[in-house]
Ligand code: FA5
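Single chain ahead, by itself, as structure tokens, in the form predicted alone.
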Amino acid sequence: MQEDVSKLRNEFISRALSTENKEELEALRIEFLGKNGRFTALLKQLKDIDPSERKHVGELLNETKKVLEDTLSGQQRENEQRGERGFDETIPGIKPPIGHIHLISKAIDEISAVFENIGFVRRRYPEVEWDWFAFESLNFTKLHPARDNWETFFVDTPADPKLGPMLLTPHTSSGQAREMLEKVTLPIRMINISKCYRRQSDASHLTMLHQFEGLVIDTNINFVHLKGTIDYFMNSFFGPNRKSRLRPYNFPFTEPSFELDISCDICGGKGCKLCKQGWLELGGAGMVHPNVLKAGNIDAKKYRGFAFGWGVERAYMMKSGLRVPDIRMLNSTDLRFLTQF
């Protein structure tokens, strides 16, 4: 029935807007809204609809009736104003609504600007990747859970003899090996922002997400440089009043490794459905593992580096004052949500 209502509404609007005299408009009103009209016939069918859907369909019918009546009265006014003069070319046109940059695009622009201020160069690498770049070059073992079908989307195509199977990249870390292998000169100071794909979906995870990956390779790089970079980003992006922490963790491609948490802006650090205990993980960080440097043809005895990879959506939903409680809302098409920003 919803489809019938939609078709009726579209037909009425189309015919009403092409009607230029009151006699034709009145005939149209009777045909659709009269006692025996087509809309009235649909309204009489409401009692036969399943009770579980009746409320929704009733609301749709009420909304449609208002649209029909508003269209009819609007066309009547326009016909009266036009009178005998025909089309009035002096009447101003109706300006289309103007949108704005989407939240995720805005987040990418803001994140890029923060890192460009301290000398990082923006790069972007493939979303459809080979296993060697996504896992092998990053020191993942053959049986690591991330290389399982339950974690990663593999592409149904023949594997490359050297690079292994094709997949949708699960992290922007796959750009590390590409950056090192494609380097012209050292040092490297790269920020890679791209889409990633994982088999996860809940209030703080998305199947398709954006990540930003930082990589610095140079002589005499140590943990102090990593911590300073993180602190600079946190203060610049979230403001000086937010708290962050590094927790020791285990990533194959960094040693030592850490996860970065930020105090939850939704509950003020008290614990909620999103963060559970007052802190929300943003991503990982650490000093680049020597095996990863070797895979990128970098002399691990001369050079050291640090890397970090964090989710764009997760970082932006924690932006002070936004209070977005579910990461999936950032992909919503609901204008009631999107027009707030």
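For clarity, every value in this text was computed on a predicted model and none was experimentally measured. Quick note: we count residues from 1 along the sequence shown, nothing fancier.
Below: the form predicted in complex with the ligand, not depicted.
Chemist: Pick from 234-242, 265-273, 104-112, 169-177: which stretch has a heavy atom within 4.5 Å of the ligand in the predicted complex?
Modeler: Heavy atoms within 4.5 Å of the ligand in the predicted complex occur in 169-177.
Chemist: Pick from Y316, F308, Y303, F32: which has a non-hydrogen atom within 4.5 Å of the ligand in the predicted complex?
Modeler: Only one listed residue qualifies here, and that residue is F308.
Chemist: Using a 4.5 Å heavy atom cut-off, which residue among R189, K183, R123, H205 comes into contact with the ligand in the predicted complex?
Modeler: The residue from R189, K183, R123, H205 that makes the contact is H205.
Chemist: Against the ligand in the predicted complex, would F253 count as a contact residue? Criterion: heavy atoms within 4.5 Å.
Modeler: Flag for F253 set to yes.
Chemist: Do G296 and the ligand come within 4.5 Å of each other in the predicted complex, heavy atoms counted?
Modeler: G296: no contact with the ligand in the predicted complex.
Chemist: Would L282 sit within 4.5 Å of the ligand in the predicted complex, counting heavy atoms only?
Modeler: It does: once the ligand is placed as it appears in the predicted complex, L282 has a heavy atom within 4.5 Å of it.
Chemist: Using a 4.5 angstroms cut-off on non-hydrogen atoms, would R198 count as touching the ligand in the predicted complex?
Modeler: Answer yes; at least one heavy atom of R198 falls within 4.5 Å of the ligand in the predicted complex.
Chemist: Would you give me the residues of 145-167 that have any heavy atom within 4.5 Å of the ligand in the predicted complex, in order from first to last?
Modeler: Stretch hits: zero.
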